[in-house]
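The data below hold one chain only, encoded as structure tokens and taken in the form predicted on its own.
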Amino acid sequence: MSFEHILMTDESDDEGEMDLLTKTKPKTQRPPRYKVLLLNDDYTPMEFVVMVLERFFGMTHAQAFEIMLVVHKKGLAVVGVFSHEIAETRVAQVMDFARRHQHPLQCTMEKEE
């Protein structure tokens, strides 16, 4: 909870002292965020991964190339953090696009901690 402090004059007090009143204000909780991850495989061409990153995650060619190298070298990379619905949609779009182009590229999501 966050607290909002309000000073009020106590009219019954001859000395005009201030009393501190604390009013609670409900804190809205931010909805959970989800990381979207691309996983490396031995078959999907690097150029295809770059294209996916540009097309579905709005990256520049240079950004996409850099992330593709991380996926290639480390086995996976976080390519974005989104609300549940957006993360789910991006994963589905990438998986569908990869299948239509006959690539085994894997894209997953996991809750951010």
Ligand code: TYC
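Quick caveat, the model's predicted, so the values are computed rather than measured. Residues carry their position along the shown sequence, with the first being 1.
Although it is not shown, the form predicted in complex with the named molecule is what the next lines describe.
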Exercise for the section: Decide if the three candidate residues Gly80, Ile86 and Met109 all line the named molecule in the model of the complex, where lining means a heavy atom within 4.5 Å. Expected result: no
Practice task
Report whether the minimum heavy atom distance between Ala98 and the named molecule in the model of the complex is within 4.5 Å.
Solution key: no
Problem - Distance check, Val91 to the named molecule in the model of the complex, heavy atom within 4.5 Å - result: no
Handout entry: Residue contact check: Val36 to the named molecule in the model of the complex, 4.5 Å heavy atom
Key = no
Problem - 4.5 angstroms heavy atom contact with the named molecule in the model of the complex for His72 - result: yes
Problem - Members of 51-70 lying within 4.5 angstroms of the named molecule, judged by heavy atom, in the model of the complex - result: Met68
